[in-house]
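There is one chain below, alone, in structure tokens, taken in the form predicted alone.
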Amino acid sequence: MKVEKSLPQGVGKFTPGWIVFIAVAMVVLIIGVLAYLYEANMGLIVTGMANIGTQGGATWGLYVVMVEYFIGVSLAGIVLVAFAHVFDIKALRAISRLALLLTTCSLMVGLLAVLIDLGTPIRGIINMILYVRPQSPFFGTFTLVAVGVLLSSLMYLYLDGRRDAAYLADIDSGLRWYHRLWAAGYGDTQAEQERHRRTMFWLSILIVPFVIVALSTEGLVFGIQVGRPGWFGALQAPDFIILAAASGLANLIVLTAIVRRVLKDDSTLIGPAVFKWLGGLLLAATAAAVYLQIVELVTMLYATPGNERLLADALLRGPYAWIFWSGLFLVVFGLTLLVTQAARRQWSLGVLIIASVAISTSVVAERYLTVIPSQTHGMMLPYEPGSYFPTWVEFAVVAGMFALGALLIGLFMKVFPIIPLDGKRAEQEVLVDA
């Protein structure tokens, strides 16, 4: 008798459920691509966007909303991993790779949304190179996020997986070449382990302030635009950071629950302590987000100029009221569920998922209300109030973005373990006749 090792966590195995998931994601992605090609051929006239003022519309629409949302989701994952690594929180080790993957995929999709919003991406990239102004927050957002955070997350993901890749490279499989390429000669010696530990520790130390600067700069894109009601203010930068934390943690909770269910036999690797940590962090981030919304709302309602009041009326009882009140209800509802569980010291996975979905949806609504109403209501120039609502083209393209992110995560899970193997080497062993 001999022992033959197979790839762990369903790597390399294509189940009927996974094939259906990939097929559905591919169909949605193809529809999104076709919608974008239609938009590229016909022009932005097929979207709900229009010039501010003279055409009574909004030049930043659903695509920019998704830029803010996806980038916020992405940056929370890498900060969580850095936080867990610096403070050696072993309970979060199981989802470190999943958080890094969420960061990388969300960031790619968010930057793709930036290019889609340009209308003519190639011309936009060329003009940025030719006429760049480094002091501009637009340039700062793009470079800090695209170059800095994306490269940092990819480097972190690469270093985090080398030890597991070296182990998988010894298993005879069709993915052996890929695992060998990832391991790149890694021998799992004591010196190599120490070097990786030291590198990832200092990378964790550097990532946190870097991400704060990146998100703050993104908030300043709105916050320093003088004369635009609802944007100009000091709360934009911290608001972007807190909402990023809330949306990122909410998405990570849902994704972790899905992965836990998909893994089945390996689901015990993600224990209750993981969700207890995530639930507590989400509670803190959501409470801070609610506080900032209250402060912003109170400031807007009392002693504000006439233009700010027009914006407040549009949000509270005008065309955006249904989004505002729905988002407020969802975030309060999600916060109530989290507080209830924390008070009882019992974290129910089902309740935690419901709270996460509610909070993530409320963040989308908040991003929408950040971007759109200030373009259609309360302008300093004597224009009539405008309007904006996305067309089917924009919805189809955005659905394609979500499908792309889901597709990337699903494919990764079939070529590499989503949960670190560490020293346990939780492989599946099969007895075979010699």
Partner chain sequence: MPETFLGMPEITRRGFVKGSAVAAGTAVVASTFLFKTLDGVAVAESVAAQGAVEDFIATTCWIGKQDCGMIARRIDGRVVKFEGNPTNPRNVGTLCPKGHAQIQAVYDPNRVKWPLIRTNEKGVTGEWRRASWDEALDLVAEKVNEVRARNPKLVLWQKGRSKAKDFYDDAFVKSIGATKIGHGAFCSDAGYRALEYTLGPHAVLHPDFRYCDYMLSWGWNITGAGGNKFCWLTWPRHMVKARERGMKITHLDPRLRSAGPFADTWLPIRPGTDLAMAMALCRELIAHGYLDRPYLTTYTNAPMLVKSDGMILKTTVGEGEEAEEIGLVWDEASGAAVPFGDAESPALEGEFEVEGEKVKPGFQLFIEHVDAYTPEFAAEITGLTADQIRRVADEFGSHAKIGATIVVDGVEVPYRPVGIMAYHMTQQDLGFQTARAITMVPMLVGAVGAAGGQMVDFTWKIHKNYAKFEKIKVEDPPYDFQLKNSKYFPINTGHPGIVAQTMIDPDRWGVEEIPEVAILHMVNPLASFPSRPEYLKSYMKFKFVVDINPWLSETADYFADVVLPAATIEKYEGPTSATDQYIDAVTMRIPPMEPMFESRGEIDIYMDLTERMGVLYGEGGYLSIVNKELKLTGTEFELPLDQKPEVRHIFDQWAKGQGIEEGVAYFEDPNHGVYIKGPMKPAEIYGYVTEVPFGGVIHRLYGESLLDAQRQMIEKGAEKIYWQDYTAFPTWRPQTMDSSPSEYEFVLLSYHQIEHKQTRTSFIPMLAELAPGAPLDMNPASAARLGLREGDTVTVESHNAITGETRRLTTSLTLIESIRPDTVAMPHHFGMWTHPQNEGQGPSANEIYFTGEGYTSSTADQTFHVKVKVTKGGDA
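Numbering follows the first chain given and starts at 1. Every value quoted in this text rests on a predicted model; they were computed, and no experiment measured them.
The same protein also exists as the form predicted together with the partner chain; that form is not shown, yet it is the one meant from here on.
- With the partner omitted from this view, the residue of P121, P272, P238, G280 that lies near the partner chain in the predicted bound form is P121 [heavy atom within 4.5 Å].
- Checking Y302, Y131, F87, W177 for any heavy atom within 4.5 Å of the partner chain in the predicted bound form turns up a single hit: Y131.
- Partner contact region in the predicted bound form: 123-131, out of 123-131, 324-332, 90-98, 72-80, criterion any non-hydrogen atom within 4.5 Å of the partner chain.
- Proximity of M26 to the partner chain in the predicted bound form falls outside the 4.5 Å heavy atom cutoff.
- Put simply, I30 is far from the partner chain in the predicted bound form: not one heavy atom of it is within 4.5 Å.
- Interface membership of F389, defined by any non-hydrogen atom within 4.5 Å of the partner chain in the predicted bound form, is ruled out.
- Although the partner is absent here, F395 is not a contact residue: none of its heavy atoms lies within 4.5 angstroms of the partner chain in the predicted bound form.
- Contact residues in stretch 19-50 (any heavy atom within 4.5 Å of the partner chain, taken in the predicted bound form) are L37, Y38, A40, N41.
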